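Given as structure tokens, the chain that follows is alone and in the form predicted alone.
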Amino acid sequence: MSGTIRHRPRRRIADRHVAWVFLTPFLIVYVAFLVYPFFKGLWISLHHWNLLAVAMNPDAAKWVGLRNYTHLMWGRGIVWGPLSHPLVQLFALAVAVGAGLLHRAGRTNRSFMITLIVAGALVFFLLGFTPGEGGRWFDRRFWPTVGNTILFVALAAPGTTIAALLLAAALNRETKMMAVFRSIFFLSQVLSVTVVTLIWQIMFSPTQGLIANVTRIFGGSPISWLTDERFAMIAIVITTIWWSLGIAMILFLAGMQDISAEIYEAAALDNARGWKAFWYITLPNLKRTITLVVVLQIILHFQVFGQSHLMTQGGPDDRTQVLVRYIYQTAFRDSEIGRAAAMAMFLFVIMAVFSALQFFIAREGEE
């Protein structure tokens, strides 16, 4: 017994060594291609880093601290004045003062008074900021581009998730034809973004596209999908949903096949079939899979680039300009690597916040 006990620590140490041997190649690749580039990008974002100048002279990078971030999201030459917007600011002050007087007279409670005073003070303070002489507000293209990207994700991520879920439910049968259909629907996933955009550019063509021809058959007039400000983003969303459907469908199929058939049989005895079984059995058992798919779709769609770049070139009138494309243009067309790195850090924060929010919502739902 004592010999066995002595050998246990040695075995544990040996197991740890073996584990580190297997983990080391992954850790090297992870640090080299993910951790180091992230911190290098963060370092670059704190510099005025001209691509051509630094390529010729590594010492040409100039430390600017947070200036790249402030120029993007705040502006330059911003000054504060006590009455830049006098009517609104004076009204905010009146609200704050009035809240204090009402509380003193016993008309309001303390929490309501504090809320009004803080709100009034914030409005008065924030509205005092204005661009000074030669100054301007934030990058005029940055925030609209962020808005376009968030709109794209808000349409594409739920669209892909819902379409993949319904498709997986329809194909969740063990037959040869279902296997063929699964392969057909998954095929779009293996195509490159160049091929996908070429296919859908032809589909959306107002002269020779399939959609235009079907529209003419029913007596309508074709839409210029890729040049019309109202439909360009919708066209990119449709293309993206079709392209990214495969992986989400496979994940949902795996989740559905993991649900025990006995649960459905017991539900059938209570007349829960078809849509009822899907709503009360399938969906509750797919909560974690749905969370995974939604988070993956959010992360992937925030990085959209090829569809916007190849289908519409960010147009018309920047309506389909997305953040990754703007980062690409800033870095390699304008040679402003530091500014582009700051935008990339901002994109990382957005993706992290949305992913964390989705996990939080899913956890709350489970509790």
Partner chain sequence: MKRIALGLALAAGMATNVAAAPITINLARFFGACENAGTDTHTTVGEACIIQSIINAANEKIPGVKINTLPTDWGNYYDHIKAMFAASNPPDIFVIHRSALPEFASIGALADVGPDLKSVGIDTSDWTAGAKKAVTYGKHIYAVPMDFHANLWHVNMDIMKKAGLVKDGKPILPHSPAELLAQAKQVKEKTGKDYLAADFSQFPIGVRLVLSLIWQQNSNIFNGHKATIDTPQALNAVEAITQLFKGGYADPKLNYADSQQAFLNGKAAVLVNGDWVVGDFTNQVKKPDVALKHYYVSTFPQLFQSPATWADNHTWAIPASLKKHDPKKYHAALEVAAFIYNHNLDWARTGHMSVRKSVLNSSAYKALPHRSEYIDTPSIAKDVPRTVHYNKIQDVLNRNLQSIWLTGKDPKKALAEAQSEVQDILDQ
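Positions refer to the first chain, counted from 1. On a predicted model such as this, the values are computed, not experimentally measured, just so you know. Rigid core (definition): largest C-alpha set, two forms, superposition within 1.5 Å.
The discussion below concerns the form predicted together with the partner chain, not included here.
J.: If contact means a heavy atom within 4.5 Å, which one of 326 to 334, 35 to 43, 296 to 304, 22 to 30 is the stretch that engages the partner chain in the model of the complex?
T.: Single hit among the candidates: 326 to 334.
J.: With heavy atoms only and a cut-off of 4.5 Å, decide whether Thr312 touches the partner chain in the model of the complex.
T.: Heavy-atom contact with the partner chain at 4.5 Å: present for Thr312.
J.: With heavy atoms only and a cut-off of 4.5 Å, decide whether Thr282 touches the partner chain in the model of the complex.
T.: Result no; Thr282 lies far from the partner chain in the model of the complex.
J.: Should His103 be classed as touching the partner chain in the model of the complex when contacts are defined as heavy atoms within 4.5 Å?
T.: His103 lies outside the contact set for the partner chain.
J.: Tell me, yes or no, whether Thr207 is in contact with the partner chain in the model of the complex, where a contact means a heavy atom of each within 4.5 Å.
T.: Thr207: contacts the partner chain in the model of the complex.
J.: Note which of Gln257, Thr115, Ser183, Thr227 lies within 4.5 Å of the partner chain in the model of the complex, where distance is taken over heavy atoms; exactly one does.
T.: By the 4.5 Å criterion, the partner-contacting residue is Thr227.
J.: Out of Phe129, Trp242, Phe278, Phe138, which one falls within 4.5 Å of the partner chain in the model of the complex, going by heavy atoms?
T.: Comparing distances to the partner chain in the model of the complex, the residue within 4.5 Å is Phe138.
J.: Under the 4.5 Å heavy atom criterion, name the residues of 42 to 57 that approach the partner chain in the model of the complex, in sequence order.
T.: Going through 42 to 57 in order - heavy atoms within 4.5 Å of the partner chain in the model of the complex - the hits are Leu51, Leu52, Ala53, Ala55, Met56.
J.: Establish whether a shift of 2 Å or more occurs at the C-alpha of His71 between the shown form and the other one, with the two forms superposed on the rigid core.
T.: No, because once the rigid core is superposed, the C-alpha of His71 moves less than 2 Å between the shown form and the other one.
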